[in-house]
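Only one chain is included here, represented as structure tokens and corresponding to the form predicted alone.
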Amino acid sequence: MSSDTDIAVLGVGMHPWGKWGRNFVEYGIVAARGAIADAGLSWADIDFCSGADTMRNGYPGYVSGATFAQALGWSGARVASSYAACASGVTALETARMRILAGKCDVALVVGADTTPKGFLAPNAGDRPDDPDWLRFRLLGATNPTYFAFYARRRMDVWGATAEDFARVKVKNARHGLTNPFARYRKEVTFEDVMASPVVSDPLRLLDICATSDGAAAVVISSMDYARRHGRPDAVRVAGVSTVTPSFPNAIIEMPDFSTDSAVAVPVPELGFKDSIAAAAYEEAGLGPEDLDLAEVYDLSTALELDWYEHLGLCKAGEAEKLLADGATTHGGSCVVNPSGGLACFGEAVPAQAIAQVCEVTWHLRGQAGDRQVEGARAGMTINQGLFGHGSSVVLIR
């Protein structure tokens, strides 16, 4: 049954991930046109264009909604642009969803694209001593790989995880992404390959950390009434979206902050930030982790994927390594995690990846994922976080 807050996913499209250094708009238009065609519509049918911003590509990247609308051809469509770091794609999706649910438009395009520099992502040039993201690089030397390593070391110290556990995540995701036509890396990786790769930020090795990539993804969403009128009553539905922020006090450091909040006078919340991201999406969708057939999670590093198993509620805290070892997160398991291959196979294209996760889950729920298909998939979830307290999760159902 469709609830009164469900919306339909009519079309999905992507531009393959890679490293070409071209204008990000080129990638976004390929993805947008693919999604519009998949929906059986034309650009003139789109009421609203919601863009996920990129901070690396100048003014056009800051106003991506208008940038993509202009590139597709000025049509009078309403536009909005959203930035929430790695959560930008879901923030853009939520903006469009709310406009549809408010009855202000029938059908919307959501698109994100990025062109990334060589090496790890870093703040834009210039002195900004009041910018905490700029400061964490300058004062702590906390590059993104360092940040990922903090999480990995915490997992080792608290739960006894090992570098070998992390390597097994990479092996799984590389196997999942082998036949994904949009993935940048489509090569089988062995346990020995991971363990032999150079250490980048102890304890993480080169093959534990995702690359930075160029890429794009887009979705066309509509009201359920519009979907029915256009012969798509059985379309995949967005049943829940979470864009929560942390609750005070936040007892685990979240970059770019340098310290935790004080819990001297205020008790720590029952749910930590990352747990709350999934919880809010489940609550809105009326589902729980036991209902999921697949999940696309933001594996910026192999260790972070293990953390997400627990934040999703797939297992209790400290049990992620066993869940992986038991095969529960690969094909044939209870919930296939990152059947796309994840960032291990794609690399990171910040405004596009959260939308790409929605595309991947949609393909599985439609039964269109080819050799990587999760058989009989009826419900799936996407989840990640954006730097500085941006939650990002979408529940999709069929």
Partner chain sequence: MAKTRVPAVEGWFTMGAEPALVGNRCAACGTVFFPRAEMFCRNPRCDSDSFDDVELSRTGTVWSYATNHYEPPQPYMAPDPFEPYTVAAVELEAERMVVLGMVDGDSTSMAVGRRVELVLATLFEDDEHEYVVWKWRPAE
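Positions refer to the first chain, counted from 1. A quick note: this is a predicted structure, and the numbers were derived from the prediction, not measured.
A second form of this protein, the form predicted in complex with its partner chain, is not displayed here; the remarks below concern that form.
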property	result
Exercise: residue 150 in contact with its partner chain in the predicted complex, heavy atom 4.5 Å	yes
Distance check, residue 196 to its partner chain in the predicted complex, heavy atom within 4.5 Å	no
Touches its partner chain in the predicted complex: residue 117 (any heavy atom, 4.5 Å)	no
Contact of residue 325 with its partner chain in the predicted complex (heavy atom, 4.5 Å)	no
Proximity to its partner chain in the predicted complex (heavy atom, within 4.5 Å), stretch among 251-259, 210-218, 284-292, 174-182	251-259
Candidate from 232, 78, 168, 138 lying within 4.5 Å of its partner chain in the predicted complex - any heavy atom	138
271, 163, 122, 101 - the one with a heavy atom within 4.5 Å of its partner chain in the predicted complex	122
Partner contacts for 155-185, taking its partner chain in the predicted complex and a 4.5 Å heavy atom cut-off	157
